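Given next, in structure tokens, is a single chain: the form predicted alone.
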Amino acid sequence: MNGRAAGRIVGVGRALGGRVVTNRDLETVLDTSDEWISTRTGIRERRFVTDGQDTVTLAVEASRKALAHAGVPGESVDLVVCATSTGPASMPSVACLIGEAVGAVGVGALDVAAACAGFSYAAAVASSMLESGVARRALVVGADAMTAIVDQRDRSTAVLFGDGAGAVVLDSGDESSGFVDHILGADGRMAPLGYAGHPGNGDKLYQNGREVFKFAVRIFPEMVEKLLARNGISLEEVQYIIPHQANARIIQAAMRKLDVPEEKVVINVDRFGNTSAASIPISYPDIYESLEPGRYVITVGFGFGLTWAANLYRI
């Protein structure tokens, strides 16, 4: 790759559903147990939206926090990209509604639909726009209220998902810090392994958990190794890997393949569950203040489609 960086992260923020739902809570409505859920997924609690909350309100809250953290007004943003699969309507886009809410009116705004890999796709789109000069400051959001599409009677999926949003503010800045490489991929032949909004399943979410697990454990380390190899860097130079928070067992299996030390891997699925496109940006506030200039962060997403994506970010 050319080594130039584009899209320096200058602000981060997140928002979560207002209701904490523990595994014990789910025991009262599903044929399951805290031990069964935590052993198989690593999840102990997740957040559900409450009255007045949805994908848009979560996205707007996370965006306002990211702008405040960056110390910049919404009016200074000239591109809004939102990764989501759970917008309340097919039109307008969630990104349009975010822009209006934060004061970024009259600027480019678009949604990216790549399921749980959505934020990695959105970051690639936004940083490329900044590198090309189309935009100078971008607001990139991952937001999903998964409870809108999950059948809460289905034990295989109801225990997994939560609601949340994460946002980052990207500046064009200099070329020393920012995104330096991306991997984007999809294979529609594997679409039957996971989908939502299909007339045949009552518009609810379906996934073949076993096959999705096998796919994720394979594609995750492949992307990390590819990013390292084609950019000529070592794993030692990577400060953090932020994986999509689908399942702790997926993350652990992939990390064993890569032989990555535990302290490099950001895991919060135990607290938030699988928040789809939101899970990677939700993780940034936990690590932002500890980032060390000159090192790298790798973010890895994988989801229905099937889709996969990864980003290499130079701090």
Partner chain sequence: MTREEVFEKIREISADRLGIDESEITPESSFREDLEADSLDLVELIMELEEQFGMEIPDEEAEKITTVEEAVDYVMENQPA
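Numbering follows the first chain given and starts at 1. Since we're looking at a predicted model, the values are computed, not measured.
Below, we turn to the form predicted in complex with its partner chain, even though it does not appear here.
- With the partner omitted here, the stretch from 285-293, 47-55, 272-280, 255-263 that lies within 4.5 Å of its partner chain by heavy atoms in the model of the complex is 255-263.
- Just one of R136, K214, R153, K226 comes within 4.5 Å of its partner chain in the model of the complex, counting any heavy atom, and that one is K214.
- Among heavy atoms of R218, some come within 4.5 Å of its partner chain in the model of the complex.
- Looking at R249, you'd find a heavy atom of it within 4.5 angstroms of its partner chain in the model of the complex.
- Put simply, R189 is far from its partner chain in the model of the complex: not one heavy atom of it is within 4.5 Å.
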